[in-house]
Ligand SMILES: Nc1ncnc2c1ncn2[C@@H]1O[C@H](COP(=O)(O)OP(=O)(O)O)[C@@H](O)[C@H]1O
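A lone chain, given as C-alpha cells: the form predicted on its own.
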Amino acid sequence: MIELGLAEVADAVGGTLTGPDAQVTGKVTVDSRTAGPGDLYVALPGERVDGNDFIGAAVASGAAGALGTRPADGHPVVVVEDPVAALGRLAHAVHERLPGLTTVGITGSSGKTSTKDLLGQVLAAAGPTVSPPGSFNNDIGLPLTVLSADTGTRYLVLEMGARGIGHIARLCGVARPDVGVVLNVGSAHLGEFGSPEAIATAKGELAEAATGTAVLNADDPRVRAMASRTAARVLLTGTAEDADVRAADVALDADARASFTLHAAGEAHPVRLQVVGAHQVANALSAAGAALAAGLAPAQVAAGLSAATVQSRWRMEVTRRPDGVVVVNDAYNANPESMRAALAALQGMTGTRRVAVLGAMGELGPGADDEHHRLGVDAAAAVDLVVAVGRDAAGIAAAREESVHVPDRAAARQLLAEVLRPGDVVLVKASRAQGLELLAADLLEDGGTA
C-alpha cells in the first residue's frame, strides 16, 4: 500500500480519527494476529468475536492504528459506522492514486481463480503485478487486494464474485477496471439468483464497467450477448471462428494437459498448458485476451501461458502417492459445470482406474436434487467408480447401482483405503462447505505423503 497518514485515511473513508495521527507504512490487515510495524488493522464485526476488541493487541504488535467502530483506550483509531464499506472507500482512494496502473477484473460462474492465476503469471513477466493466490473476490477480499498494490505496481488483477445483482457493480466502484473479463454464465449460486438470466445480468455489470476493453467468451451465448451492454472495445475469445483470440488444434496429453495453437492479432503461437483439464483452454484464452488488452504481444502471452502453473490451493492439484495412486484435489468448490469439467479431466488422465469422490453442490435452489441425480448419471458413465460423500450427496450415488454412498469423510477414507490400488487416479471434488479438501489430504497421508 502507498504510505498514508491516519488523518488521510479518515478523510478518505469519511471517518473520525481518535488518538494521535501516525503513518501507515505497511499492509492493511483484517487479522490482528498478522499485524506488524506500520500496518493498518481493520476491525471487522463478527458473529462470534468483535474485531474492535483486538485493536490494542494490533497496536502492541506495531500497527500504526486501526479502522473500527469505536475508540480504543487512546489508541489511534479511525472511527466509522461500517468498517467493510470504509475498507472499500479506502481502497478506492488508493486506487485513484496509483499512476500507470492497468486494472483487470475477472468474473464468471466458474474458472475465476484459475484464470486470474494464469493471467497474473503472464503479466508478471512483463512488469510488477498484484494477483494474490486464492479467491479474494468479495467486499473484503477485493479491497485488500487493491490495497496491496503500490506506486510500483503495473498490473492489478482482481477477481469479482457475486451473490446478487449489483454486487459486481459495487466492486467495480472500488476499483474501476480498464479490462473486464467475463468467462461464463453457469449454475453457481443459481439458488440465490433464481435464473441464469439473472446471473447473466449480474456478471455483465463487469462488461458495463470496463473502461478500455471487455474480454468476452464467444462460446457462451449469454456472455457473447454482453457486447451490447458495454461502451468498451469488445475482444471475443474462444474456439468460435469469429473469435479475436482463438484456440485451434486443441489436444490433451496423458495427464489431461492441453496444448493448442493461439491465434491472435494475425499471429499464431503454440501453447502447452501445465494446468490440468480441457476446460483450462477457455480460461487460458480469456487470460490471453486480457493480457493482449493490457498491451502484451501474442508471443509473450503464449510463452507466459505455457510456463504458468497452479497457484491457488485445491484446484486440480495433482499429486502422485509413493504407492502409485494419483490424487486430484479439486475440492475448493463445485457447481454442475465445474463438476463435469473436472470429470472430463479425470476421464482424460492415464490410469488403471478412474475414481470420482464427490460431495454435494451447494446453492442450487429447488432443482438441487435433479442436478445431483444428473451428475451421478454422468459421473457413472465417465469413470470406473463413483463415491458420494455426505448426506446431501446421496442423490449422486442413487443414480447408478454401482455407485457407492458413504455418510462422511471418515467412512470415505476407510472405503478408499480398501479399494484404491497402484495406478488408480482419484478425483476429490465438492462445494466448499463440504470440506473434502481434508479427505484429499487424508488420501495423501494414507499413501505415505505428508
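A quick note: this is a predicted structure, and the numbers were derived from the prediction, not measured. Quick note: we count residues from 1 along the sequence shown, nothing fancier.
Keep in mind the form predicted in complex with the named molecule is missing from the figure; the text below concerns it.
Taking non-hydrogen atoms only, Pro177 never approaches the named molecule to within 4.5 angstroms in the model of the complex. At a distance threshold of 4.5 angstroms between non-hydrogen atoms, Glu205 is out of contact with the named molecule in the model of the complex. The shortest heavy atom separation between Ser135 and the named molecule in the model of the complex is within 4.5 Å.
Contact check for Thr145: every heavy atom lies farther than 4.5 Å from the named molecule in the model of the complex. Here the chain stands alone, but in the model of the complex its contact with the named molecule, taken as any heavy atom within 4.5 Å, falls in 331 to 339 among 255 to 263, 331 to 339, 363 to 371, 163 to 171. Residue in contact with the named molecule in the model of the complex (any heavy atom within 4.5 Å), chosen from Ser114, Thr213, Ser187, Thr103: Ser114. Contacts to the named molecule in the model of the complex (heavy atom within 4.5 Å) from stretch 407 to 439: Lys429 only.
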